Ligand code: SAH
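Only one chain comes next, encoded as structure tokens, the form predicted on its own.
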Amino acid sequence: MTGAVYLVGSGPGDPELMTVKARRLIEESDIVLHDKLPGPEIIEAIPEGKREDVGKRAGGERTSQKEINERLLELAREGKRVVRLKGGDPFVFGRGGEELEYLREHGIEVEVVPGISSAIAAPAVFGVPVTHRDHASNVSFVTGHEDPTKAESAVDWAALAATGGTIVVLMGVGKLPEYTNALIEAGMDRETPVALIERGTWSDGRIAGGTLETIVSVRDREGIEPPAVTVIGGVAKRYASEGRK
């Protein structure tokens, strides 16, 4: 009998921010396929014989999306109840849409369980609202890590610079110099506040602030590493002046 796959968002990393449904499905599942983004506390709470890491492999290589798709299909065809556990929300830069399409094309039952995205949760725990009546009436969510096979970027930084709202970049620590420069070249003020939130909601989470002009040097000085969220706009003004926490 064919099993089923559940694309489950684990939230931003704090186990208490997981949904009740996410917890129940993990308990009821036969196997959980995860990478590192759900966070160590969430992953370690899953019995070792029940979890399978589809992130990094031995030798430092990553499991490809093709391999993940095929593994999900294989397990479902064995009749397993499979949880594909993702950080944040499965459909916010989590490749959940790709997995959903692949499995449904092969006749597998799929249910999506939304989760709290780190795009809003990571800033929130440090008191950074992504919208604010005095600073931002709109917010744009952008990936800082596009598919490397693309001929050119699909992100229009010039258009984003003209929005006047908050820009939240996920998975963008490595390419921080590229997009901060792109925004400055597009006319955004060099003094625009920027906050970098590393491991937001995790027990070792921290925040560092600066401006479009200084944030790269702040990143290097503070040693900010992935997973981290970049918040650009007036909502980050407090941390642009305070530095880090």
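Nothing here was measured: the structure is a model prediction, and the numbers come from that model. For every residue, the number given is its place in the sequence shown, counted from 1.
Missing here is the form predicted in complex with the ligand; even so, the following discussion is about that form.
Comment: 82-90 is the region of 130-138, 98-106, 82-90, 154-162 lying near the ligand in the model of the complex, near meaning a non-hydrogen atom within 4.5 Å. Taking the partner from the other structure, the ligand in the model of the complex has a heavy atom within 4.5 Å of a heavy atom of Trp202. Of the heavy atoms in Ala228, some are within 4.5 Å of the ligand in the model of the complex. Interface membership of Ile197, defined by any non-hydrogen atom within 4.5 Å of the ligand in the model of the complex, is confirmed. The closest non-hydrogen atom of Ser117 lies within 4.5 Å of the ligand in the model of the complex.
Of the listed positions (Leu37, Val54, Ile43, Leu183), a single one reaches within 4.5 angstroms of the ligand by any non-hydrogen atom in the model of the complex, namely Leu37.
Here is the short version: of Met171, Val110, Leu73, Val113, the single residue with a heavy atom within 4.5 Å of the ligand in the model of the complex is Met171.
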